[in-house]
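Take a look at this single chain in structure tokens; it is the form predicted alone.
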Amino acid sequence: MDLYLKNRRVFITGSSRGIGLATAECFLSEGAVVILNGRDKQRLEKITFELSCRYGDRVSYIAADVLSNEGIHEISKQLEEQYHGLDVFIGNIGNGKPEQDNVLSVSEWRRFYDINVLGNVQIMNKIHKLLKTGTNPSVVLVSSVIAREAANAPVGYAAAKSAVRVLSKYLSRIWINDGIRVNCVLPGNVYFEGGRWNELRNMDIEGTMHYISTNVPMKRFGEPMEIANAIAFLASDKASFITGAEICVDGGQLSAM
């Protein structure tokens, strides 16, 4: 399907692996111009080279930390000077790995909020002006099914991902005045090399697979590209009358009505 994304300028945070990387490939396959982002410059260089071998010079990267003021400034500067604006922003930054056992640790909750919520808030505050001048601009934020379904995950992480949903809904009603659509994707349990589920499976393969078969009606992990397809659709002109919406891509895990 042609999503009419050719030559659209797409910036994706957390795009050096997993869902972010799959999303980059999805947009590139649709003819978009993709800017990767992460903190590991060496890894970004390697991925950019590999993708450019398949998709040409429509892929580049900005190595910067969206959690720092310096990183935000560098991203905004490069998007404005090198790309003269932005059409699509994908907020994929996130981390759900706990560092403490105490579910009510304030430092743990603050860390989850800094990464999953404020990382999106800071970058969107800075690039709003660039999106306003874009072509049919849109934003897709990546939350999690854990934001709507109590499950085996850190409480602070679930709360933070719920805040991403709230952020998406409120911004959709505000930014539509500037012609910017804002939507949200809620992935389920997605498996990829180097991801959290890869780590958990390596620690306890039997327990992990039992959890998946018990809690996911489709009885399997999701693949990064399955999430990426939903993200690309929401960002595209095919979803031109969709804003403030959220799509669960979870293999049927969400049981709430």
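What you see is a predicted model; the values in this text were computed from it and never measured. Numbers for residues come from their place in the sequence shown, where the first is 1.
The same protein also has a form predicted together with a small molecule, omitted here; what follows describes it.
A residue is said to contact a partner when one of its heavy atoms sits within 4.5 Å of a partner heavy atom; Arg39 meets this definition for the small molecule in the model of the complex.
Contact annotation: Val33 falls outside 4.5 Å of the small molecule in the model of the complex, judged by heavy atom distances. Residue contact check for Ala24: none of its heavy atoms lie within 4.5 Å of the small molecule in the model of the complex. In the model of the complex, at least one heavy atom of Val190 sits within 4.5 Å of a heavy atom of the small molecule. From the list 175 to 183, 92 to 100, 126 to 134, 79 to 87, the contact stretch for the small molecule in the model of the complex under a 4.5 Å heavy atom rule is 92 to 100. In summary, among the residues Asp204, Asp65, Glu50, Glu223, the only one with a non-hydrogen atom within 4.5 Å of the small molecule in the model of the complex is Asp65.
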